[in-house]
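In the block that follows, a single chain appears as structure tokens, in the form predicted on its own.
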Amino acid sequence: MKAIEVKNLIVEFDVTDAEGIVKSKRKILDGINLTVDEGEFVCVLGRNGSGKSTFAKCLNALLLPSSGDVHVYGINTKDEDRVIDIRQKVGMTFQNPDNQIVASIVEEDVAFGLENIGVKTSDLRVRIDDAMKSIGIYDLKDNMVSKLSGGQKQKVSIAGILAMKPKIIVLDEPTSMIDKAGRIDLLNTVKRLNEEEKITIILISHYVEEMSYADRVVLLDNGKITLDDTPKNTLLRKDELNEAGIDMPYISGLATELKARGKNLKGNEETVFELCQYLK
């Protein structure tokens, strides 16, 4: 089943002068075509300014197309009468969790969205607890959000979305403000949600290492899709990554260079251990 279908998506913003007069249009997304199946984990990779965040906002009607269409389970995001339906199906977290957190206590923040959509009191407690347990923050439920680490705050944001029971979660640069250990922990949690709870994941990132968690990589550059492939195959496409301003992990680049020089490698070794095994 198609979870998301994007057809000829173009997003343009007005360019104004100092007096606010529109002088031209700036095309941020330029003819995007993409289908995401239910249950997929897709990493949308690109450097700053490539159009990633604009694309993410189009998936739950925070931004509407200038032309073209975005369908979520068959619902067009342009349909004003279905915006609530779309946002119940597509939950979204942002780069800075402080911009999304509204309550001072963890479980109160997780409950916020549910209370706004009128979930029955009898169901409220169960959904809040289930979401916190699923994301691994149940033991933090009584803590003040301001005392949490960046990674923990991101988990609170995701728990609040998860409690709404979306079919799709879009994560816009969720690890850019946390350390490496927090990044790995968060991505492992997101991967588990995808595998165990079958939630479709769209991960927006500029870290090439993060694509290894996904089933599929979509590379955005200057508002266009320039690559759509598996993570391992993507590592072999060094020139395309470089042209898009994405630095390949050192070990993957070394493996690819050795293969080009005649070494018997697969070309997709991801760790020093794997590389050494093939060099024996």
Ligand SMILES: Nc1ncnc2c1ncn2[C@@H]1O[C@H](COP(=O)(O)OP(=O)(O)OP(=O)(O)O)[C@@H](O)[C@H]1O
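Quick caveat, the model's predicted, so the values are computed rather than measured. Numbering starts at 1 and follows the sequence shown.
Not on display, but discussed next: the form predicted together with the named molecule.
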TODO: Evaluate P231 for contact with the named molecule in the predicted bound form, applying a 4.5 angstroms cut-off between non-hydrogen atoms, and reply yes or no.
DONE: no
TODO: Answer yes if any heavy atom of N60 is within 4.5 Å of a heavy atom of the named molecule in the predicted bound form; otherwise answer no.
DONE: no
Open item on the list: Using a 4.5 angstroms cut-off on non-hydrogen atoms, would S67 count as touching the named molecule in the predicted bound form?
Closed with: no
Open item on the list: in the predicted bound form, does R47 come within 4.5 Å of the named molecule, counting heavy atoms only?
Closed with: yes
Task: the named molecule: the contacting residue among S104, S149, N76, Q95 in the predicted bound form [heavy atom, 4.5 Å] - done: Q95
- [ ] Identify, from the list I28, A244, M248, L236, the residue with a heavy atom within 4.5 Å of the named molecule in the predicted bound form.
- [x] I28
Task: Which of 210-218, 51-59, 236-244, 35-43 lines the interface with the named molecule in the predicted bound form (heavy atom within 4.5 Å) - done: 51-59
